[in-house]
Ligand SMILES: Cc1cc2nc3c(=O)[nH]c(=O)nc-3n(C[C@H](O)[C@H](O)[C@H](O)COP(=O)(O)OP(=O)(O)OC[C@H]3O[C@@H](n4cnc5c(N)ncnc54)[C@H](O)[C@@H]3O)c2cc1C
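Only one chain comes next, encoded as structure tokens, the form predicted alone.
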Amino acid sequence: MLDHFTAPTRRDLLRVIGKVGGGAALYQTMTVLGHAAESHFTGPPQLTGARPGASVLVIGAGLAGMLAAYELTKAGYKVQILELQGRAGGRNMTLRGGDTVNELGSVQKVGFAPGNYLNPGPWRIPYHHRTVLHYCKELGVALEPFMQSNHNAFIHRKTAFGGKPQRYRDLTIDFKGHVSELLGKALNAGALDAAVTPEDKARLLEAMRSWGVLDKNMTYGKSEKVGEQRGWERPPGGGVNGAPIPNDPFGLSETLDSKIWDQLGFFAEHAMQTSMFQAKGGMDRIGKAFQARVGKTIRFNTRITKIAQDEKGVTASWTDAITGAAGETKADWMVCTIPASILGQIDVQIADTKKAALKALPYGNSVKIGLEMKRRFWETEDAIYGGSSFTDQAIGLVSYPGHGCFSDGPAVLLGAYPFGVGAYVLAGMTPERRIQAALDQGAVFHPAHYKAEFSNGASLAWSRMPWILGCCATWTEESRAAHYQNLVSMDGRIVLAGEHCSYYGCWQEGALLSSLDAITRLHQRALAG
């Protein structure tokens, strides 16, 4: 009924554009409306004129801390880094055979074959993360394409299609076909005449017919044109039986049961759009490249117990995590990259508003499980090369390695990558039970091979990593409004940095951007002082 028609809100408009027009259309619209922008990175900071002998103490040898040390050293500052762990890189890490995962309450020894690995933290770099890409190039980190989406991968819902996974391609084609048919019928019936001009109505009908692959009667159904997008019961061939036979599309209700719009919306997100990249040989190549430049400034296994400051400088009190020896390190200024989940538990001489910001910032959880398989059966049997299959089970997804395609021998699948409830369910299990759960749930995609081809596995639950106790900061609009500026403001001689100090949370780009912003303000304060 037209009297019930309500003009769409801006959020409704963006949601429809994202699902119908794809990520590019969504982001273009968001940019016009002022809701999106590329990375703020325009080049490395131009820090000049540092006072002779000026010193900076950096707490944490993650990417934010090492970038700060790298640029401040180039600017002429004397820099020291104190790091809790016995390794640099923070969440930028890669697990290989022989490595150890030390969680609260468990220790795992990784048994992957040589050359195989799992990135338990960052694993992909969007094309618009210009800071990461710049420093990868500057530091000589080789990158390769990351296969983000795969139309031939699967979508699984426990209550759809009797629990049988379906190809992402089939569901997306059917969804747009049925939606196009419905919109075409509504347009022809005059149901939207109050919302569109006659000219736009004609263009929309043309668009729905073409985009939705509708027939002359504006109906979506089995046809050769649909087969060209959806695939074939019998694909095109040669000889007397070369004519293709299209397969049968799913009905509207079946397609809706799959909730395919969740994945359409996921790939429409700006941060999830192609092209994407990964560090060749493991994401920790980035952390190691930074360490190669600033490693001599790092003191490892150093647990910070107190941070103090006065008008003359800063002091970090610490104990050696191995020997138990106590010490102090002094400097003129400090860049502190300790995650808020840990820093909020340390005695730090900062303003009460900044302490409140630390306390108000919870960290979400995630779990990654790597499953090494004896061979790449997903390629040979299912023609899946990279990308992910999604499920509403606790594991969230199964992601296929995009590197090493067509190779023989073992390979590592990402057998789980959940956030939210699924992540806490898996984190609460022993490492052995996590592996079994990943095998049981992932077998829905490849029942004939998943368990039979399994060799060994490893997992990492971020909520159980003692040096962070979570995956990444989870700001809300309300908490940002109340606390963000207090968190990132410079407090005397101390400034904070890390992904939690950015609007690019949970990404390496956010950590690096916050670091560049922090050291730029620190340098300005140092020169003014």
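Note that the coordinates shown come from a computational prediction; the quantities given were computed from them, not determined experimentally. Just count from 1 along the sequence shown to find any residue number.
Below, we refer to the form predicted in complex with this ligand, which is not included among the displayed structures.
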By the heavy atom within 4.5 Å rule, which residue out of Y417, F390, Y168, Y400 makes contact with this ligand in the model of the complex?
Y417
Residue (of L183, C136, V101, L84) lying close to this ligand in the model of the complex, criterion heavy atoms within 4.5 Å
L84
Given that the partner is absent here, does R303 sit within 4.5 Å of this ligand in the model of the complex, heavy atoms only?
yes
Contact flag, I338 vs this ligand in the model of the complex, heavy atom cut 4.5 Å:
yes
Might F266 be said to contact this ligand in the model of the complex, defining contact as any heavy atom within 4.5 Å?
no
With the partner left out here, check for me: in the model of the complex, does some heavy atom of I346 sit within 4.5 Å of this ligand?
yes
Is this ligand in the model of the complex close enough to A64, W123 and W467 that every residue in that trio has a heavy atom within 4.5 angstroms of it?
yes
In contact with this ligand in the model of the complex (heavy atoms, 4.5 Å), from 250-258, 207-215, 114-122, 431-439, is stretch 114-122
Within 4.5 Å of this ligand in the model of the complex, which residues of 459-485 have a heavy atom? Give them in sequence order, or say none.
W462, W467, I468, C471, C472
